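To begin, one chain is listed below as structure tokens, in the form predicted alone.
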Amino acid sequence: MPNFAIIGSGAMGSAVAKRLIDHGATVLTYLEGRSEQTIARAKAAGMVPVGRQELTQADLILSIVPPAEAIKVAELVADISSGMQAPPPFVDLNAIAPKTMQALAARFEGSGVEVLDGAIIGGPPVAGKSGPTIYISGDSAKPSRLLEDCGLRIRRLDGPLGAASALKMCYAGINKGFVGLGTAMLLAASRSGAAESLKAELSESLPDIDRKLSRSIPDMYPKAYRWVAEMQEIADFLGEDDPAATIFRGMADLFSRMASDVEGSRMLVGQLDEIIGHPGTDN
């Protein structure tokens, strides 16, 4: 069975690792400088901590980190792959704009590393479910088939490097942008004394939206800090000439505020919980 290396042992990275390990693979990771929580999560998933150079012993190296760290990880992998005759392919699976993906790929020029552009759509893998879906573009030699053989749902895009990143930007803009819009309006209703009436009207006239917000907003609280850079990437993807880019810069500010609240007073979270209740989480 193949060896994989995953840089990033957050909720998604560790869950992807566990899916691969459950299908017989070995998953290496690099934990220097990581928090105790991250180290514990990686070990619980069955990942094998190694030194940075040992990551190149893998058949495929995956990057699953917050968007702001994507370039840094690429630079690390380019550095450790330098001088190797047959370095393993590198797959970026982060929520970054195509322009960022191109800049990331440029770090590997002259290294001999095959760079693949990937996007994860859906929540972390859980037992008994086949998702999430991993989209891959730039996969000429099909090295991503190794992931497919080890239990992951892979869809290949017939497009250049950056196509998978573009798909992720568009999907996240709709999905997470919707959550941000709902959050902003529910908070505005709370400040204006209209929260109960808004909740009742949503429940009556837009029940699907009401259910979506009731699931998605509580699930967003612990992730809000990771969504800030993602919204900024979406704004960059749209470009300065697109007025919608301003919307997503505003969303970045909103999620930054939510992230600060989770770490601090939790006043905003309390206001939202009063409106939507405590229905559980939604991936």
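Here the structure is a predicted model, which means the values were calculated and not measured. Residues carry their position along the shown sequence, with the first being 1.
We do not show the form predicted together with a further copy of the same chain, though everything after this point is about it.
Contact check for I247: a non-hydrogen atom falls within 4.5 Å of a further copy of the same chain in the model of the complex. a further copy of the same chain in the model of the complex is not approached by A74, whose heavy atoms all lie more than 4.5 angstroms from it. In the model of the complex, no heavy atom of M84 sits within 4.5 Å of a further copy of the same chain.
Contact check for D208: a heavy atom falls within 4.5 Å of a further copy of the same chain in the model of the complex. You can rule out all but one of 110-118, 178-186, 142-150, 84-92: in the model of the complex, only 178-186 has residues with a heavy atom within 4.5 Å of a further copy of the same chain.
For the options L198, A103, V126, I154, the residue carrying a heavy atom within 4.5 angstroms of a further copy of the same chain in the model of the complex is L198.
Contact with a further copy of the same chain in the model of the complex, defined as a heavy atom within 4.5 Å, is made by all three of T133, D241 and R257. Of all the residues from 9-29, none has a non-hydrogen atom no more than 4.5 Å from a further copy of the same chain in the model of the complex.
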